[in-house]
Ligand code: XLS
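The data below hold one chain only, encoded as structure tokens and taken in the form predicted alone.
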């Protein structure tokens, strides 16, 4: 059955912007890529295939620039129609024009991003079916692909106390229906992953919270999502996005290590992976690179929402990440493990409220794209030089020698190892970690 065509094929929402192309580092055209040459081979793969970049629907096309202190500052053409269905259709047309002009391969959405406002679960379900059908048509015509979909279980008032961990079983039932429908739509659209973004899966105070019950409910319902994934034949990864707090004071998906503990408890390791966001990493007291390294070491790396916060502000500000060094350090941890397979780099980032012109959306994304590309080229130089790998190998070389082998032998007990150290006069000495040398090495290799 053919998918519906767009009634906005002859309408341009960004007439002042031509398709963004690579012009090289010497270009002074702000509407061009200086470093993102998608066909360039980096560490054996095309740059486009390494980065698998996506535009997010919510910040880019749904947000009108409002914050808690003031009304929206954006006057987007697709925000103007009074007919809610027409507004959703215009937003979709604008989104795919934007995707095509940026030349990035993927996009991401929440269910409520792509539908008109839906007063109740039945309306949302119907609207989602219609929206998914229209998205399929746009994908077919444009060649764009869905990196992941997710259900919004945090905006509606019913979810004030969470979705899958809500104390009211009726709310949990609504959440499960929403997740089922959105996972089905993601599968229909060929999505590479599905994200469980637990925006309110946590608590504000322990005084009214049964912590054991809520964790057990979360584990049970995660298991049901995984079962449904296999039932419908969805081949992508199920992802959880770590975040320590905001809007809840404490969230059950605090960081990558916390999620690993949850998955271990409910026998879901290997079935659920993580979607890491740098801004969330810093809110949890970690670095972006730390969260990537932790996910890689625990075999739970999935995808990345690329953004950053502001050092002067403790909020989740979702700014475009232009810190080439920060991204490079994360890629140095990621790439030796094989990089991203089904995942990608989703620009979960928004322009500032004062950047109100539609073209500012392009400037923000172009800056983010080029920062990723520069970081990828920098990481290639660092990895190919072999300095970090060689230094680590030398630093841990004792574990491949006699004493290291004895310490790790499965038959050894504490008495045996302590007596061996005593009998052989083991007297460990300090060796320099040469941190400053290694940090300077990284800086010298930034592109």
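On a predicted model such as this, the values are computed, not experimentally measured, just so you know. Positions refer to the first chain, counted from 1.
Heads up, the form predicted in complex with this ligand isn't pictured, but that's what we're talking about next.
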{"property": "This ligand in the predicted bound form: contacting segment from 350-358, 162-170, 276-284, 254-262, heavy atom within 4.5 Å", "result": "276-284"}
{"property": "Any non-hydrogen atom of residue 316 within 4.5 angstroms of this ligand in the predicted bound form", "result": "yes"}
{"property": "4.5 Å heavy atom contact, residue 150 and this ligand in the predicted bound form", "result": "yes"}
{"property": "4.5 Å heavy atom contact, residue 58 to this ligand in the predicted bound form", "result": "yes"}
{"property": "Residue contact check: residue 154 to this ligand in the predicted bound form, 4.5 Å heavy atom", "result": "yes"}
{"property": "Residues 110, 197 and 241 all lining this ligand in the predicted bound form, heavy atom within 4.5 Å", "result": "yes"}
{"property": "In the predicted bound form, the one of 97, 305, 291, 89 near this ligand [non-hydrogen atom within 4.5 angstroms]", "result": "305"}
